[in-house]
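Below you will find one chain, with nothing else, as structure tokens; this is the form predicted alone, and questions on how it binds or moves follow later.
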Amino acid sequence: MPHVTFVHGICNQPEKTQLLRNWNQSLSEGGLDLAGAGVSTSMVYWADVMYPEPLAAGDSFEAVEGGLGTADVDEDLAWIDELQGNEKALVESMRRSLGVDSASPDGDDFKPEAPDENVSKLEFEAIPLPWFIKRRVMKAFLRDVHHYLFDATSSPRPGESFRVKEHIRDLFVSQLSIDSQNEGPHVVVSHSMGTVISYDCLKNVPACPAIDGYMTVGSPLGLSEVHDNYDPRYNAKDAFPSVGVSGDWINVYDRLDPVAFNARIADDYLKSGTEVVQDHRVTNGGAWRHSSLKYFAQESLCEHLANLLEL
């Protein structure tokens, strides 16, 4: 039986079973009924490593247009003050790249018109989200990506403490070890921060089982502050996870997705000096283009995934 292992992205999430149900439903809306096609699915769920309790089913981060930023959900960046040396310098560089401290041209409610998506260089300020929402999204992303890349300690609940990268790597490898027992193509589909986790494990963790196909969606892997902080050290000419991925790598992005800002990654993850990653562009509706549910409802994404699964 073919199998898909999903990996979710930034910020808190609904509980694991609900999240997996949501993603499968969105794929069905895009034309790919995995269960109906005889494909089993699972989820690498790591939100509880960072957050004390899951979101209510109807309070998903996906609904950013419905109110993210209007509630008291802003991330506290005081943890940056405790950093030192190169780690602090690198985080401050990412902070600038993500526009966390950028001043709005016209108040927190300022929402620029969507630019021509075909321009050669898209300025971060032009992404059509209200400024206060954009800042809060970027703060959450900054925290999650830092805590993973630098293996920070997270204590989401009293009496529980995790080394973030070490623990999430273990979660990923454990799930893939179970899922690799299925016959048929095994594909990992990761979204947002989940692409950083899945890539790191497939490339840098020797115990990680190999997979047959790989899909990254709304990925920040093109940010230099991300790929320059892998361990072992990143080398673009041999960055493709050749041992971990035996088949194709499809990267799906929306031009106005603020997390996938440097969206085309084929030239950053070469295989023996050759571009092999297939960058595929889609256009999600509305202002909030980073939603996994919008991505998975795209017919072309579903077609690429069906091909990876040999359906």
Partner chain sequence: MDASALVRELERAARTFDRAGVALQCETLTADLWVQARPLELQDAKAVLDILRRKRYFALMIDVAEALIQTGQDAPRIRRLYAQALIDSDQTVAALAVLRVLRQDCEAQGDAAELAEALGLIGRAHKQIYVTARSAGSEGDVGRHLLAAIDSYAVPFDAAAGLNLWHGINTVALLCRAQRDNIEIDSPPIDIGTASKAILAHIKALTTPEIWDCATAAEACVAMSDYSQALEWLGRYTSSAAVDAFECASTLRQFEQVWQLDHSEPPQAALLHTLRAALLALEGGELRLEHALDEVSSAQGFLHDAGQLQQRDNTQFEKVFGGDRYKSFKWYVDGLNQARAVAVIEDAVGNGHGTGFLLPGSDVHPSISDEWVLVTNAHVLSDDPAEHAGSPSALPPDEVQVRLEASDTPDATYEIEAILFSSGRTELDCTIATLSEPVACEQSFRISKHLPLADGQQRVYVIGHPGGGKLSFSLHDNFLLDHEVPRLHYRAPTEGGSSGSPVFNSTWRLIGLHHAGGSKMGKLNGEAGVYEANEGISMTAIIEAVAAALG
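Keep in mind that this is a model prediction, so the values were computed, not measured. Numbering follows the first chain given and starts at 1.
What comes next is about the form predicted in complex with its partner chain, which does not appear here.
Contact with its partner chain in the model of the complex, defined as a heavy atom within 4.5 Å, holds for exactly one of Ser242, Thr283, Gln278, Ser40, namely Ser40. Every residue in the set Met1, Ala297 and Leu311 has a non-hydrogen atom no more than 4.5 Å from its partner chain in the model of the complex. Residues with any non-hydrogen atom within 4.5 angstroms of its partner chain in the model of the complex fall in just one of 265-273, 25-33, 48-56, 242-250: 25-33.
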